[in-house]
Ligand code: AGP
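Let's start with one chain on its own, the form predicted on its own, as structure tokens.
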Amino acid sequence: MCGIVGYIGRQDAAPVVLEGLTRLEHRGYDSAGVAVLGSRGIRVVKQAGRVRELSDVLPKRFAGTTGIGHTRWATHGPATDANAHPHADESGRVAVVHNGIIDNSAALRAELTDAGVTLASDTDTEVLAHLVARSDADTLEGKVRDALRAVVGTYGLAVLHADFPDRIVVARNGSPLVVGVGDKEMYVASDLAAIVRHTTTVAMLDDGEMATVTAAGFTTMRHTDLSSTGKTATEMDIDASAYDAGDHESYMHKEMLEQPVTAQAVLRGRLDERFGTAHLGGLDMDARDLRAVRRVKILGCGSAYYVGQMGAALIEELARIPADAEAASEFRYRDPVIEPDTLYVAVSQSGETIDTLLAVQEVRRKGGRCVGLVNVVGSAIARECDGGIYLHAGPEVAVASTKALTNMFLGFALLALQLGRVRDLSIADGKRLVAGLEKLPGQIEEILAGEDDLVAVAKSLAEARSLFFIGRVRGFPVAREGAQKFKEISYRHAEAYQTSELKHGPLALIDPEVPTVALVPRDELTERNIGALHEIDARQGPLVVITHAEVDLGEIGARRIDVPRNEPELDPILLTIPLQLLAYHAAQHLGHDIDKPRNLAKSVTVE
């Protein structure tokens, strides 16, 4: 959510930090600020608003070769200049930027106030600056350690101190931090996107780890006792141009159009046509381990949760193993029973979603086996899990997930296929599904090629204040994802229902002002679905039907969107692609900032 950027080296820090903050705008924020340490000590400029507005108010002389910056997504206190980061102590000798939440901040604020400290903001973060400044330790590392001993909560933080001008000290507990290595200059960031144009040689901090960053290099240590962890940097195989929107109007549009290529990437080398199965070496599970699985529990948040429901349906159909998906944000709070023969699957594009990470830790604490479906190599969830399936979707910048979601579905299809083939799924069915998976990238490309035909439909939906999305069985999680996309970027109220549940209450809301987007594939439930469409049509409810060419809608008055037909188990992802396009063009019609929807963030790193 919030973004951190730091620089120390030979250049003026402010321009480097501001550029990095611009690269993190997709994470979601409402204020920004920068602190520079130079010959005049620490100087801080911050304000509510966008990074470009911050750039406009920086003094012309804002020199210093060490600096930290931040984009804030408000948690404690509204979006104001005072609440923006960096935060400083009363002397102005310490500056701190922080992602996460300090759970005991209210008690710490009270203690500081009782000690005579005048607090300048409503934030939890400000207490860190005062705690660092009040420590008696002789080193900045010791001062940060003392401060962290007093706090309870999550953090990724970077600290400047005027008495230690040669360094930035950073620490992580539950919120990502990356250290980047340059030529006699070093970088710090909460997301690789901020520094990828400068370096791809990085070290990712683990929870409980600190680092001292100087222009000459970095050292890592445990923040409990400052003992060395000896971490070294590695070269990441990342193309910096992947973080550019290019000629596209938005990252979301670019990423939707990349789906045929990224779908091929996640399937490449993992399909076995001869035996009609999949090979997922990253799971680190042999056939005996896979046969020992008696249940699958999928954990994710938002779109990852909905695609997890699609994945659970695939696993039950193909492997005949009980499977379900649960919101990771609720999982650990109900003190779940962790079963030794259950395979837990954590799903996250960023690999840093805090709710999902905490769910994984709960599973592992109780002895369960957890694998990850993540898109970022070396991310916290990837490191925490026992094995996993990398999504190979490439960097996804837009808040609304498209290509990563598609690759999540394909990852689940591969997992279901492999689980099925070590059980009772026949080789004929296995080969049928392998052939279907091989066709999917081309079919996705076909749907995207018809984008222009969906613009008018999207504009009509954008005019409604409230919409329904409906589907049955395989189609219901697709409907949930469609409603999610519409809510995220068009800001229209959209609700998903099982088609069969319409007559159990929601039908009362159907009228000419409430459109319904219905998913009606050619499958065993087609006639039932069409019956529900008649009920909506009879009440003059506007209908958009996403279906297959073979489906005859009869006399129903509806706008029809046909998609290519694949195997029934794989059709849900093809039904999803038009929903992405509809949400995108509705939001564009309404003039919204598609990549940075209000109140939302790309990587949710606070509970």
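The shown structure was predicted, so the numbers you read here are calculated from the model rather than taken from an experiment. In case it trips you up, residue 1 is the first one in the sequence shown, and so on.
Note that the form predicted in complex with 2-deoxy-2-amino glucitol-6-phosphate isn't included here; everything after this is about it.
Stretch 399-407 is the answer when you ask which of 257-265, 75-83, 93-101, 399-407 has residues with heavy atoms within 4.5 Å of 2-deoxy-2-amino glucitol-6-phosphate in the predicted bound form. Taking non-hydrogen atoms only, G302 approaches 2-deoxy-2-amino glucitol-6-phosphate to within 4.5 angstroms in the predicted bound form. Interface membership of S348, defined by any non-hydrogen atom within 4.5 Å of 2-deoxy-2-amino glucitol-6-phosphate in the predicted bound form, is confirmed. In the predicted bound form, at least one heavy atom of E488 sits within 4.5 Å of 2-deoxy-2-amino glucitol-6-phosphate. When 2-deoxy-2-amino glucitol-6-phosphate is considered in the predicted bound form, Q484 lines it closely, a heavy atom lying within 4.5 Å.
A heavy atom within 4.5 Å of 2-deoxy-2-amino glucitol-6-phosphate in the predicted bound form is found for exactly one of T499, T353, T125, T71: T353. Along 428-458, not one residue places a heavy atom within 4.5 Å of 2-deoxy-2-amino glucitol-6-phosphate in the predicted bound form.
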